[in-house]
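Here you get one chain, nothing else, as structure tokens; it is the form predicted on its own.
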Amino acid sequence: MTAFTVTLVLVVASAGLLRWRRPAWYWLTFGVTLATIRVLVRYASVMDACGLTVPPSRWRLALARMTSRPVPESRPPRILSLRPTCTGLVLRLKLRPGQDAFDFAAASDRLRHSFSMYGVTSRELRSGVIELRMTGYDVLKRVQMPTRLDTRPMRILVALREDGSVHYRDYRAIPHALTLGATESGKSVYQRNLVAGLAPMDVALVGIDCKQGVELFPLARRFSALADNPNTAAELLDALVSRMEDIYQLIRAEQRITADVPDAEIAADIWDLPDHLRPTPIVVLVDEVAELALFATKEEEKRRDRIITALVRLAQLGRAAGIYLEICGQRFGSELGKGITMLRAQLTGRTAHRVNDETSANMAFGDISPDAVLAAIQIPAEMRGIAIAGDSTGGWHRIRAPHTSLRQAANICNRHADRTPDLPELAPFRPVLTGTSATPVPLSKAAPVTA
């Protein structure tokens, strides 16, 4: 064999090995160039085959008849830009008159096959302009988070989307969220990523873990308050409601509604207050909400109603006071009793990992997106961590959080333990640590509040 043949065989073999073992490296070395050429060469024929072209206009047909020229062909959307990324290609198109963004969303699977890409998703940027994000490999199989992140206050990175973009949890945009998932679906890992992302921020963490604290108590150094049983949880939620009412009094006292104050500077929540007056925001993480709603006796029923009422009040009124809810559970439906549906209606963010039945998926997405329900019940059991994330607008994404062990999350919390604020209202619920050890001991039941 000639030297050229040997070189070609080595290159092909290297490309095949990279594509099998390191798909990200293959994409950056070989895939991005081949995919760009393939898209540009096939573009017009693929758009025509997928029904994404428009017939020529009347004046072009008339001009062709007058000049005895061939009838002009149908026109595909105009390419505004084609940008390679570390996971795929981003194709920005200008729609022709008569085309609709929904046509491209419906044809995304056909485009994926035609361009030989792993996945294609579309979204409308503005009127007449859409963006096709094409991925060259399965980015969710081995999650690698990008190094450049757009971090802001109360906005953390939690997962990677199937189109290669980053999925953020923005508490100021979506204050309250619901996370569902069966056992061993990856729900706990998702929760650890939330805690790890919040740990370096100036925020108070409050946890309710009725599994005797096995999930949240290893992270106790970064928590301002923790409850490991429903009785303590009821007292803790009452304390949060009381703090919320005090914060509203502070906001009213500092609203600055005099005639010379511009409308944009009138305080309506804690983020409009000056830095030296702004209360510390609080994120409340409930590990298993069903344990707070179940009851067997009359006394437990009274406690349950007290807990759900407090959660509903925090969900309805807590945003302006800087109190945000993260509700987790395996199921979250009307069978948990009165008030549950009202609480779910206030939880704008929805995330569903693998569920055991379609009803559980309907609990998360049935009222916002039927397509998301179908995607949630199709998550395979062997792909732990895969989830569907949506919101009340009807949009949804397939995501996967990077694997974070309990040890890694505990180390992050211990490293930022000095950021744990000491809030007077929550002092009775501060987790107690034995000496210098990071091992938390169970909380004793808080003393009941007396009139």
Ligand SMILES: Nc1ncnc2c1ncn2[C@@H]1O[C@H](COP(=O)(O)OP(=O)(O)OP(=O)(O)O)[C@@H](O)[C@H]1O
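For every residue, the number given is its place in the sequence shown, counted from 1. Here the structure is a predicted model, which means the values were calculated and not measured.
FYI, the form predicted together with the ligand isn't displayed, but the following is about it.
S.K.: Based on heavy atom distances of at most 4.5 Å to the ligand in the model of the complex, which listed stretch, 88-96, 178-186, 236-244, 194-202, is the contact stretch?
M.R.: Contact criterion met by 178-186 only.
S.K.: Answer yes if any heavy atom of R419 is within 4.5 Å of a heavy atom of the ligand in the model of the complex; otherwise answer no.
M.R.: Outside the cut-off, so no.
S.K.: Do G390 and the ligand come within 4.5 Å of each other in the model of the complex, heavy atoms counted?
M.R.: Residue-level check for G390: no, no contact with the ligand.
S.K.: Given that the partner is absent here, does R400 sit within 4.5 Å of the ligand in the model of the complex, heavy atoms only?
M.R.: Contact check for R400: yes, within 4.5 Å of the ligand in the model of the complex.
S.K.: With the partner left out of view, is N231 within 4.5 angstroms of the ligand in the model of the complex by any non-hydrogen atom?
M.R.: Result no; N231 lies far from the ligand in the model of the complex.
S.K.: Could you spot which one of D103, E215, D272, E291 gets a heavy atom to within 4.5 Å of the ligand in the model of the complex?
M.R.: Exactly one residue meets the criterion: E215.
S.K.: Looking at Q346, S165, Q330, S122, which is the one with a non-hydrogen atom within 4.5 Å of the ligand in the model of the complex?
M.R.: Spelling it out, the residue with a heavy atom inside the cut-off is Q330.
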